[in-house]
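For reference, the chain that follows is the form predicted on its own, supplied as structure tokens.
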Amino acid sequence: MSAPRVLIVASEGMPFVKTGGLADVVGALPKALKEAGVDAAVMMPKHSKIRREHQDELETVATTTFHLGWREKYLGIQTMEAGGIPYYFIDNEDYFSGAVYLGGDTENEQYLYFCKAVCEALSLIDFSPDILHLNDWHTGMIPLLVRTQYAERFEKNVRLLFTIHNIQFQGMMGFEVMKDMLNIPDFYNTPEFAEAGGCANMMKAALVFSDKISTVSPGYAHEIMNAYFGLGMEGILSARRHDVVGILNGIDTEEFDPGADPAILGHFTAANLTNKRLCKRALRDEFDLDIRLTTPIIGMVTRLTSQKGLDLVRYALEELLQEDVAFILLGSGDAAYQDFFHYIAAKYPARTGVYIGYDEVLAHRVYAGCDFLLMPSRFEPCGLSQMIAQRYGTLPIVRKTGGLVDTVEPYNKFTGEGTGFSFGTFNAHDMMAAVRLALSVYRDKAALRKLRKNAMLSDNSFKRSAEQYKALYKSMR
């Protein structure tokens, strides 16, 4: 059987626009699929935030209009090729000239438009997919539309794969909004179809109408079958458990390569870690830390939300800073957490570096220069930071949840094996025990060197994931 033609549909993707880990996946997976022999393309919105050098390369495929309920809306389709992958962009300045995610009811309308625009665009592009690989709630109404309003438009029965990247965000709204904009009949406003918890739910619709469902790690696929992690979707997921598969995300190993990364001061490999020390010195100086080079640095590159376990950090960080350790944070998010880290930076300026915001190049330097990366997540569908950190010989300290279980092998003091450190209970004292174990290993240079080598040699590429997706695609045809 020949490899299927797959159109990956998402709200964002590298190298064009990024707000989070979804963009990294959409950037790396198509390249890995191509290497695995899958004919893959990508469709996403033409956000105004797309980097200027890419906007200048776009060519117009088609322009038209369609009805979004009673509204007549413009649809432009533009295309370009990057890394041998065709990209198609949905152009409409009413929806995509501002933030990638507009928030609230405006964001709901933004991506209801996108879902219908994708369905309209499929017959206008020169790529005829066997499979639509849809990502997160922003694409959630496409399966319902494809199976109902657009069923007769497709020459063949395109198959639908929906990937859950984070079930916390589901695209909920009053059914009247969905009905008004997409002409969805009242028949679908039931728990059997698109209703959940009294609301119309875009993710629920996707879980009902897609042929297969995937998540971004085996651990998360198991967790979301229960109510704590499933957040109202556990019923439909349990009912369809034989259609649910967990495929671990990977990272772009060309972008995150300590042996060639242009963002870092010195290059190093698992066989020769010498220049990691140069990266640490440069990071120390960049944040103006008054510490010895032998002082361990613990870093975080994260969104500042409760999901990321920041309540544990807020409880324990001042206690940790009483020890010979430094702490660096790169991230932004909830104001309460930002205020806390500003307070920490002001109170402990010699041993704390805080950058509120996101800087892709600085993130590379943090990964390369730190000794440990802290990820005490309340839940974590997959997580990329722990895999990137391992690539740079920076040992992750994680909570045992979701993809963190699948990607971090806990240190075994008897055998010396492992790629990081972990703890189970969502508790600050347990987190601190894991941190202190990591610091004790830091003082054992032979053990530290072995763990760093183990981490750097871990296969966190998308190669294995691409082969699993390829097998899943073939099983759907």
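A residue's number is simply how far along the shown sequence it sits, counting from 1. This structure is a prediction, so every number in the text was calculated from the model and none was measured.
Keep in mind that the form predicted together with a small molecule is missing from the display, and what follows is about it.
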*Full three-residue contact with the small molecule in the predicted complex, heavy atom 4.5 Å, for Glu107, Gly171 and Ala194*: no
*May I ask you to state whether Trp137 is within 4.5 Å of the small molecule in the predicted complex, using heavy atom distances?*
no
*Report whether the minimum heavy atom distance between Thr253 and the small molecule in the predicted complex is within 4.5 Å.*
no
_Whether Gly21 contacts the small molecule in the predicted complex should be assessed with a 4.5 Å heavy atom distance threshold; does it?_
yes
*Give a yes/no on whether Gly357 approaches the small molecule to within 4.5 Å in the predicted complex, heavy atoms considered.*
yes
*Among Arg365, Arg284, Lys308, Arg391, which has at least one heavy atom within 4.5 Å of the small molecule in the predicted complex?*
Lys308
*in the predicted complex, the residue from Ile131, Ile184, Leu384, Ile236 that sits within 4.5 Å of the small molecule by heavy atoms*: Leu384
_The chain here is shown without the small molecule. Which stretch in 331-339, 145-153, 83-91, 117-125 comes within 4.5 angstroms of it in the predicted complex, by heavy atom distance?_
331-339
